[in-house]
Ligand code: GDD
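Quick setup: one chain, the form predicted alone, written in structure tokens, and binding and motion questions come after.
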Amino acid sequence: MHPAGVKIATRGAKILRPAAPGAASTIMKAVILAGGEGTRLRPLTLSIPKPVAPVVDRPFLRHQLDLLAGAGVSEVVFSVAYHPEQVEAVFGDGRGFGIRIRYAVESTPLGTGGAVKNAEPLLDERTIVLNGDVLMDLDLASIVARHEAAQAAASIVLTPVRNPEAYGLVETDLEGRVLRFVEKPRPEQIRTNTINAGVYVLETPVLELMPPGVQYSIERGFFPTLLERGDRVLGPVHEGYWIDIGTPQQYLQVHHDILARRFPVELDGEPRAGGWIHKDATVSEGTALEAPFYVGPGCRVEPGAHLGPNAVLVADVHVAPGARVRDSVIWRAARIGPEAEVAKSVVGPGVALGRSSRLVGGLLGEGSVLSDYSRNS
């Protein structure tokens, strides 16, 4: 898939010297780009920012903190702009998550590059950048090691896709060095199937190329500029799990994948009937359980209800007798009425579904009410 034998110029390249034997490794922090408004997930994100949206039993960004901790990162900067107070209320200073968290707040949207530049005063010699939309089972430590061994200025983690025509592509040579970016390729332009996966390793001094205080794209501005001046940019390919949770369909899919163990997570619950039930949940005798499923803390499922497959009750959810929930995620404190049916849907916090109501393929924002016998299909 890659063009063979291609050479690129090194004119103007910065030479990054390897550490001397026995020297301490480069100090490294991380930036998580978490400032987006989550418009594709509205109305769910009108009151709750996507970084703290639940993914099974934890806020989404907790998964990224786990990824960073596995690579030895002990301090992370959250770049936030939309409801930053809610993000800080959930994550605080990071003490409860075993990692130090600091915040860089954008007063106006700065784009992916501008957000990293805004966090620059809080960074050290090397920076890992994560897009706040993606979930992956990346071996981040090996990516950093390869980056350091190659004395790269930047590394862009890539992932293969089935339909390359739908994406902007990243071409590399046989040694994994990035050659060019191809936006909206025509069929005859497709020479690879790898796209930007939204994870970067950067030598922090190269952030000098970014203009401060303005909206700026790391993908369309910064990385092409690095190539133009001849810096070494690597494109390691991740062949494992990768998903962008930014749409309702993908948000549901990641729950299916976690429940099916395609993306392994140690869920906070006791295994039962092919699913997980939190110790503080109540699932009555006479409930039909169809694997896989997850029932979170404070949830109450009444006799005669049918749960699953692929049903997630986040916390404090009440499912009344005769109700059925499948292929859906029900957020905190929602109430599913008697004989109601929920399928292929995301139900926001505090939502109430009335008796014999039916919601299929729907999104209900915080506090919505679907009255008795109402249906969307």
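The first residue of the sequence shown is number 1, and the count goes up from there. Owing to the predicted nature of the structure, the values given are computational and were not obtained by experimental measurement.
A second form of this protein, the form predicted together with the named molecule, is not displayed here; the remarks below concern that form.
Contact stretch among 335-343, 41-49, 312-320, 28-36 - heavy atom within 4.5 Å of the named molecule in the predicted bound form | Selected stretch: 28-36.
Would Arg272 count as touching the named molecule in the predicted bound form under a 4.5 Å heavy atom rule?
-> Outside the cut-off, so no.
Does the named molecule come within 4.5 Å of any heavy atom of Leu307 in the predicted bound form?
-> Leu307 lies outside the contact set for the named molecule.
Look up in the predicted bound form whether Val283 has a non-hydrogen atom within 4.5 angstroms of the named molecule, and give yes or no.
-> Judged by the heavy-atom cut-off of 4.5 Å, Val283 is well away from the named molecule in the predicted bound form.
Would Ala115 count as touching the named molecule in the predicted bound form under a 4.5 Å heavy atom rule?
-> Flag for Ala115 set to yes.
Position in contact with the named molecule when the complex is considered in the predicted bound form, options Glu106, Asp268, Glu75, Glu290, heavy atoms within 4.5 Å = The option sitting close enough to the partner is Glu106.
With the named molecule left out of view, choose which of Asp137, Glu148, Glu302, Asp244 has a non-hydrogen atom within 4.5 angstroms of it in the predicted bound form.
-> Only one option qualifies, and that one is Asp244.
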